[in-house]
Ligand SMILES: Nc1ncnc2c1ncn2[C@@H]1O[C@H](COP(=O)(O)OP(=O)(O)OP(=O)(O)O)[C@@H](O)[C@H]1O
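There is one chain below, alone, in structure tokens, taken in the form predicted alone.
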């Protein structure tokens, strides 16, 4: 497996904190351009689900590494037909359960897990036969696809991110959502800095943008970046 995935599909790398809209925006960008869409967070959620199914303590790195050995993961790259499987089990809905969300950070902080899943993401893109794949997550622009021609950090003010997330989760009040968002950011920041743009990464701040404007802003960054890469 080569270190660079640019020899296969073009990668559009999108990073951002929870509630920044990176999943929904990335999916719509992929739809608009006929690209594939890879939600990398789903793999960490699926591994957390897999660990919980095995009764593993996700705060124990050794236990997490034990279940990584038989983690048979598959995900759709079609933005209009999303599914996630572990072995023969469709876990598309199960990985969104609160118990899984609570276990994700424990799984994601294990360096060997991050290395294994980074290799998995690169392999998924390489095998895709797509012209391009929008890959979104937490360390995509710096670790998974640092050579991607288009690298974007999608962000928004914390209160805006909390409001958007609470609008998605109608069963929870805004204060609880804001607190959960803050906890998630704090836990994930111990693993990877996703709030600061690395050199060469363009920031799209969606605080004052609606969904369609954010999609247009990301598409504009992609067009400029691809034009520049073709010029070289």
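Here the structure is a predicted model, which means the values were calculated and not measured. Numbering follows the first chain given and starts at 1.
We do not show the form predicted together with this ligand, though everything after this point is about it.
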(message) in the predicted complex, is there a heavy atom of this ligand that lies within 4.5 Å of any heavy atom of residue 45, even though the partner is absent here?
(response) yes
(message) Since only the chain is shown here, I'm wondering whether residue 138 would be in contact with this ligand in the predicted complex (any heavy atom pair within 4.5 Å).
(response) yes
(message) Check residue 219 for me: does it contact this ligand in the predicted complex (non-hydrogen atoms, 4.5 angstroms)?
(response) no
(request) Indicate whether this ligand has at least one heavy atom within 4.5 Å of a heavy atom of residue 210 in the predicted complex. (result) yes
(message) If contact means a heavy atom within 4.5 Å, which one of 72 to 80, 124 to 132, 157 to 165, 85 to 93 is the stretch that engages this ligand in the predicted complex?
(response) 157 to 165
(message) Does this ligand, in the predicted complex, lie within 4.5 angstroms of each residue among 148, 151 and 153, using heavy atoms as the measure?
(response) no
(request) Let me know which residues along 15 to 48 have a heavy atom within 4.5 Å of this ligand in the predicted complex, or say none if there are none. (result) 17, 18, 19, 20, 21, 22, 23, 24, 25, 45
